[in-house]
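Presented as structure tokens, the chain that follows is alone, the form predicted alone.
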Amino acid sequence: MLEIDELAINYDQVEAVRKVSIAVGAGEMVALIGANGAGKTTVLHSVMGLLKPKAGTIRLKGENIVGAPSKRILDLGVALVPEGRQLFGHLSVLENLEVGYARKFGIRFDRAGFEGRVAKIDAYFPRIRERLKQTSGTLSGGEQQMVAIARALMSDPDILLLDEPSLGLSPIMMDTVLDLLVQLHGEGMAILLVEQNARAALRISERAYVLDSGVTTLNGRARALLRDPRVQQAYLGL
């Protein structure tokens, strides 16, 4: 589904990412963990076409998407849930979902198709249905995260990129969000998960990569990495 090979990205003259190689198979959930500033968000932004790599390749379904516009990447089935949710706070929940749908299917989209997507989203987030007309900026942090994920799902992606989805959430709401990711994965969606809670990410993922100072230093089965002394000491507080 997604193959990143020897990726290198600079911010001005500062090397943010170097020699990053990651693969996500169809229907696979993969975690990307590492300390703050390791380059995890940079990797996700490069996949979405928001940053142009200095070197390396990014292949999506076999197509090299380095330099491709974000709209092309979206059309190929990628959606991003950004760090901090980044909702349009002055718009209603429904309008945020319309934005997510229109990004993929056009501004003059089919209303019946849109309602069908909303109905599917409703099955994941029944609480959203009750708040469709509410201004999104007035929602709780957990509800805003639900809307951010729902907005990404409106484009009917094949692979979902998530950047710190549990950030700022209560333990109960964090579990709700992670349970949803497990459900989406169980339904066949590929997921690349960047998550500050390394323990939780490794528990729900199949495989994982460790990013350290812009380099992928470890990778393997997620459960094995949970038991790896290096990961335990650096990221699990053991």
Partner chain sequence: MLRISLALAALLVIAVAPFVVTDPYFQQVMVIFGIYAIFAVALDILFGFLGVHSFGHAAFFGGGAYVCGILMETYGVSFGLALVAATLFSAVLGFLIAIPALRMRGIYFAITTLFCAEVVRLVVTNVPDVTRGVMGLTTPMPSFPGVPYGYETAVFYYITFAILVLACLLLERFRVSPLGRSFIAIRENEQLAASVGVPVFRIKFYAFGVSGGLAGLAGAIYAPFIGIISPDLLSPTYSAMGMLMVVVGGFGTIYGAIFGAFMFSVVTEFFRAAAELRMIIFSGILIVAIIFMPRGVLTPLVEYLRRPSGKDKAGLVTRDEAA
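Residue numbers count along the first chain shown, from 1. For clarity, every value in this text was computed on a predicted model and none was experimentally measured.
Beyond the structure shown, there is the form predicted in complex with its partner chain, which is absent from this document and is the topic of what follows.
- Contact annotation for the candidate site: L50, L91 and Q134 all lie close to its partner chain in the predicted complex (heavy atom within 4.5 Å).
- Of the residues S70, T176, S170, S213, just one reaches its partner chain in the predicted complex with a heavy atom at 4.5 Å or closer; this is S70.
- Partner contact region in the predicted complex: 40-48, out of 40-48, 177-185, 54-62, 191-199, criterion any non-hydrogen atom within 4.5 Å of its partner chain.
- Interface membership of L76, defined by any non-hydrogen atom within 4.5 Å of its partner chain in the predicted complex, is ruled out.
- Contact check for E95: a non-hydrogen atom falls within 4.5 Å of its partner chain in the predicted complex.
- Proximity of P165 to its partner chain in the predicted complex falls outside the 4.5 Å heavy atom cutoff.
- Heavy atoms of P157 never reach within 4.5 Å of its partner chain in the predicted complex, leaving it off the interface.
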